[in-house]
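One chain is shown next in structure tokens, namely the form predicted on its own.
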Amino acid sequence: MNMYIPPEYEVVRDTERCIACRVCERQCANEVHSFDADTGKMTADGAKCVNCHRCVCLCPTHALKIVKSDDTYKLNANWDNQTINEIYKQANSGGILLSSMGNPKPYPIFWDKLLVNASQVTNPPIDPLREPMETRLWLGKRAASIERDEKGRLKNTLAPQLKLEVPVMFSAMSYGSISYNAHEALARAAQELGTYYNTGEGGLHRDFYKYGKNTIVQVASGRFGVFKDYLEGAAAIEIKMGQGAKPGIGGHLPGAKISEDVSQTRMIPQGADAISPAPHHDIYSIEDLRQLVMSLKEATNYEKPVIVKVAAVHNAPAIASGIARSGADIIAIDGFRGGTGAAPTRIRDNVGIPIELALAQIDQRLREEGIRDEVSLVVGGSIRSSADVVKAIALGADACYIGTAALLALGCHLCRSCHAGKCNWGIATQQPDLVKRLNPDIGYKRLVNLVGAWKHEIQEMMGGMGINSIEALRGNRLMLRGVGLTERELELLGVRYAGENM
């Protein structure tokens, strides 16, 4: 503990309600609560609290609440509490600061500054309860032209495709960063929803090969868990070049999370840190990337689409243009608010750009070059609701990845301490006593409920626009209007200001 840093949170206990049942003590992996046998009362050490709310939710008498400490250093607009505390931490440890989940800084959220158009009178809306509303879509290269055989029948010249019943997939979260039970919940939900979940860079546990038709496997710079069965058992393969929470940075899973099962799945020693380098050591150009894309296709008999995942950065349109020419079928773009199990704090909070701007510019660049149909676009990085999905598709996406929203559905309380491996909700942990707190039978149903609800809302919003299919919405920026945006921001997004006529 750093003696210079005061506790960030205070545990407030109503002594009249508290019955000293010790539930809070048993439920807290951070050892915040303890029982004083001399007084017969519960005590709390706020310095250990990460504000996960486990104790608050499970207290049978509702005697607890966690509040932000109002203790502060001498006021200084330039040197706030967080800045001072971070300097104290680094002076004490000599190490880089690690953080979890997405960027929490108050940068603009462009989704919230975009509004959706609605149809009335001259272009009547569509009632999704009574009329067909198509949310099914396919991801992959589109045919440049229609070909027929000598009998006039259509020839199937399509490259391998991913079929989605809803334009939402579960983004990459590796086994190791999240628990076995969390992975099971994601896999089962993907199967029931008719969509896909992504293994992340940690390989695929043998128990989950049965969900292969709904699984996207990832090939990252560390090549953890990559072998023939892994590639052949999936519906698609994703090459991870970067991610939104840490562009230009590799991965790091602390040795404390490398349990025996994780060790076998990743094919690395138990208890050893899993560190993947920033670059793929065989990729330093688009030509090198093309070699890996084609190697993976060759290894799987050209039966599976290949995705290339990159972070949203300033030259993302040029990068996407190169990827589209590399032979990849799908490009995944991850914005700077994307979540992660662990990232250097400075990288997470200061590197990358918003997914909304990157998406709009990438879609525009590919259209201008006449290669938009060569690839599908999947975007992630703080997709928080069905409205964000609709706006993303209108900006040019084919589908969206969700990660943090899925974890919230499983019970995550965004305490942002995933890297510690002591997740009190059984998600970002490998400790058996904590893992069992997440019941996959309940978890997968909550995920199905969430995405099912979003699907209904997407249909309602499309119906209100007078649109009856995802395909008709894709890249239809006339359905968007901006509020509170500058002229330059509107130009980059390719949308008009609210109130402006067609």
Partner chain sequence: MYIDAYGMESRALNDAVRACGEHSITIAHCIGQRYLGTALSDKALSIEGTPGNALGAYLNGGSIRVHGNVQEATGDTMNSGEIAVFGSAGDATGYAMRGGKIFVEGDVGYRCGIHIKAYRENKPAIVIGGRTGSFLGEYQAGGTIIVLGLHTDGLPIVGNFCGTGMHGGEMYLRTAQVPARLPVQVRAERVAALPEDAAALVREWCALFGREEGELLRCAYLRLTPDSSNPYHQMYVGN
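Residue numbers count along the first chain shown, from 1. Bear in mind that the values here come from a model prediction, so they are computed numbers and not experimental data.
Just so you know, the form predicted in complex with the partner chain exists too; it's not on screen, but the next bit is about it.
message: Please tell me whether any heavy atom belonging to residue 315 falls inside 4.5 Å of a heavy atom of the partner chain, as the geometry stands in the predicted bound form.
response: Residue 315: no contact with the partner chain in the predicted bound form.
- prompt: Is residue 432 close enough to touch the partner chain in the predicted bound form, meaning at least one heavy atom pair within 4.5 Å?
  reply: Residue 432: no, not in contact with the partner chain in the predicted bound form.
query: Is there a heavy atom of residue 193 no more than 4.5 Å from a heavy atom of the partner chain in the predicted bound form?
result: No, residue 193 stays farther than 4.5 Å from the partner chain in the predicted bound form.
- prompt: Do residue 426 and the partner chain share at least one heavy atom pair within 4.5 Å in the predicted bound form?
  reply: Residue 426 lies outside the contact set for the partner chain.
message: If the cut-off is 4.5 angstroms on heavy atoms, which of these, 284, 79, 73, 107, is the one near the partner chain in the predicted bound form?
response: For this set of options, the contacting one is 284.
- request: Just give me the single entry in 336, 197, 224, 175 that has a non-hydrogen atom within 4.5 angstroms of the partner chain in the predicted bound form.
  value: Filtering the options by heavy-atom distance leaves 224.
Per-stretch contact check against the partner chain in the predicted bound form, the hit in 374-382, 315-323, 262-270, 133-141 (non-hydrogen atom, 4.5 angstroms): Answer to the contact question: 262-270.
- request: Assess the spot marked by 35, 437 and 452: is the partner chain within 4.5 Å of a heavy atom from every one of these residues in the predicted bound form?
  value: Heavy-atom distance to the partner chain in the predicted bound form: none of the three under 4.5 Å.
query: From first to last in sequence, which residues of 480-500 have any non-hydrogen atom within 4.5 angstroms of the partner chain in the predicted bound form?
result: Contacting residues: none.
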